[in-house]
Structures are given as structure tokens and as C-alpha cells.
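Below sits a lone chain in C-alpha cells, taken as the form predicted alone.
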Amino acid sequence: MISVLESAGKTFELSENEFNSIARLINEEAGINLTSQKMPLVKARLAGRIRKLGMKSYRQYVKYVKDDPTQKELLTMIDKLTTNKTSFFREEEHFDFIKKNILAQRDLKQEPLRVWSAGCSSGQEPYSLTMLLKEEYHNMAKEDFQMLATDISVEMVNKTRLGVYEEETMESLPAPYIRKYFTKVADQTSRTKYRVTDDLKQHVRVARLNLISEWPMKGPFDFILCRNVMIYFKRDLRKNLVYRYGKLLKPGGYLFIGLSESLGGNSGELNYVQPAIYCKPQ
């Protein structure tokens, strides 16, 4: 027995074959590499979904996913199995670099800024950057700065588009930012939440995108943020993604990855600048 799902008084096993079937589906659709160490995660994240559907085994669930012609359940499974850890101004070193090395030398009225957040999760990354821009350029118009925010998760795309955040997620933000860029709201449980202002949202275009599929956008981008995303991909896929990012960057544009990541020999034509930052040659 590998792991156990308890439902309706019965016990079901997640066999190695069932896990491998789930791992193959995720890898083929999203490029995510689920190793055997992720079996407890798969068990924990899919258990509730299997119960909700009234199914009796992981095997039955895998068959249901494969037989669904709409692929809606496949997207739901991807939502359940993708990690979406994020926060406002996460990895501040990157925002400091952007402020000092990009924004300080940029007149947006003469040269608008175009950025892609590839793997935006629930939206804190694109909205953090937009706040930074608003602080630097007080009269910034919609056409001066545009952010494309994409994620494979339908749930995360919807959260980013909605732009509503729990009170506890706001702790990393300075109080003046909260007052300027958010409106306090309450849900049906009367819990305090904060909604991103329309003035901030106008700069962020949100869309679902699978990074291993075709990309409809043409670029070029001044910089691309793909932070803490490629760690879930195999080496060949990471190399291919970096190559594709490079093609969409302007000469002199930057690629930002997570501080715990390194491109190593997969940097292609991009030059190393400092940890987790790479630049396309002029």
C-alpha cells in the first residue's frame, strides 16, 4: 500500500500504477514532473475531489479524467496538483533591481514598458510590479505600462482577474500601498478582504496559458518573470522554455527566475547578470 483514501467507511489504496497514470497525465498536459516523492501530495490534494465526485477509487477517477471529452476534469486536476505559493513583493531583490536598473533609466512616455508574468499564480506578482510602477511614475497612463499575467490554473487566473485578497495576505504591504491601491470589502462571512483598484487592474491583462503549448503573444517584452515555475519541469523542457523566452525579449531585456533556481547550462543566448537574473544581449 502506498497511500490511503478513506471514503464512506471504506479504505482505498493509491497504487503505484495509479500514481504513474496521474503523473503521465500531468506531464503530458502541463510538463510538470511528478516524482514518486510527490505521492503523498497527490493523495492529499485529490482525496477531497474524489470524495466530492462520489467515486470509490483513484483508478475510477483516472478513468473519469481520461474519458472526459471536455477535459474540464483534467484542468481541475491540474488546479489541484499545481503549487501556488506566492505573496506581495516576494523576493524583493528582483523589485529592487527593476527599480534601480530599469525604471531609473526609463521614460515611459517615450518608451512604454511591456512585461510578462509567466506563472502569475493568484496575482500578487503582477500587482506588486504595477504598484512599484505607480510609485515611480505618478502620472502613468494605461498605455505606458502593460503587464501580461498568465497561469495554467483556471482557479488562479480567476483569482488574479478578481483581485481580491484575504487580510492576512496583506501583511507584507506597507500601509500607504493598501490605502492607495486597495478597497476594503467584506464577504458573506463578514471577513475583511481587499480588492485591487480598477486603476491598478487596467494595466494587467490576465489569461490562462499552458507554457508547453503554443504562445499566441508576439512580444517583444522588456522583461519576463518566470519565478519558481521551471523547478517543476525536466531539464529539456526548461532549456526549451528559456530559448522561447529569449525570442520574446527585446535586446537588453531580462528574464527573472526564482532565487532558488539556476539556469546553469540552460541559459542559451541569455547572459548571467546576478543570481536569478539573465539578460538578452543588445
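Owing to the predicted nature of the structure, the values given are computational and were not obtained by experimental measurement. Residue indices: 1-based, along the sequence shown.
There is another form of this protein, the form predicted together with a small molecule, and it is not shown here; the text below is about that form.
Chemist: Thinking of S128, G163 and L200 as one candidate spot, does the small molecule come within 4.5 Å of a heavy atom in every one of them in the predicted bound form?
Modeler: Answer is no for this spot.
Chemist: Determine whether any heavy atom of R227 comes within 4.5 Å of a heavy atom of the small molecule in the predicted bound form, and answer yes or no.
Modeler: Taking the distances in the predicted bound form, the answer for R227 is yes, it comes within 4.5 Å of the small molecule.
Chemist: May I ask you to state whether F233 is within 4.5 Å of the small molecule in the predicted bound form, using heavy atom distances?
Modeler: It does: once the small molecule is placed as it appears in the predicted bound form, F233 has a heavy atom within 4.5 Å of it.
Chemist: Contact between R179 and the small molecule in the predicted bound form at 4.5 Å, heavy atoms?
Modeler: It does not: once the small molecule is placed as it appears in the predicted bound form, R179 has no heavy atom within 4.5 Å of it.
Chemist: Does any part of R106 reach within 4.5 Å of the small molecule in the predicted bound form? Heavy atoms only, please.
Modeler: It does not: once the small molecule is placed as it appears in the predicted bound form, R106 has no heavy atom within 4.5 Å of it.
Chemist: Could you spot which one of L34, V62, L249, A30 gets a heavy atom to within 4.5 Å of the small molecule in the predicted bound form?
Modeler: Among L34, V62, L249, A30, a heavy atom within 4.5 Å of the small molecule in the predicted bound form occurs only for A30.
Chemist: Select from the listed residues L209, L173, V196, V204 the one whose heavy atoms reach within 4.5 Å of the small molecule in the predicted bound form.
Modeler: Contact check passes for L209.
Chemist: Heavy atoms within 4.5 Å of the small molecule in the predicted bound form: which stretch among 128-136, 184-192, 163-171, 144-152?
Modeler: The contacting stretch here is 144-152.
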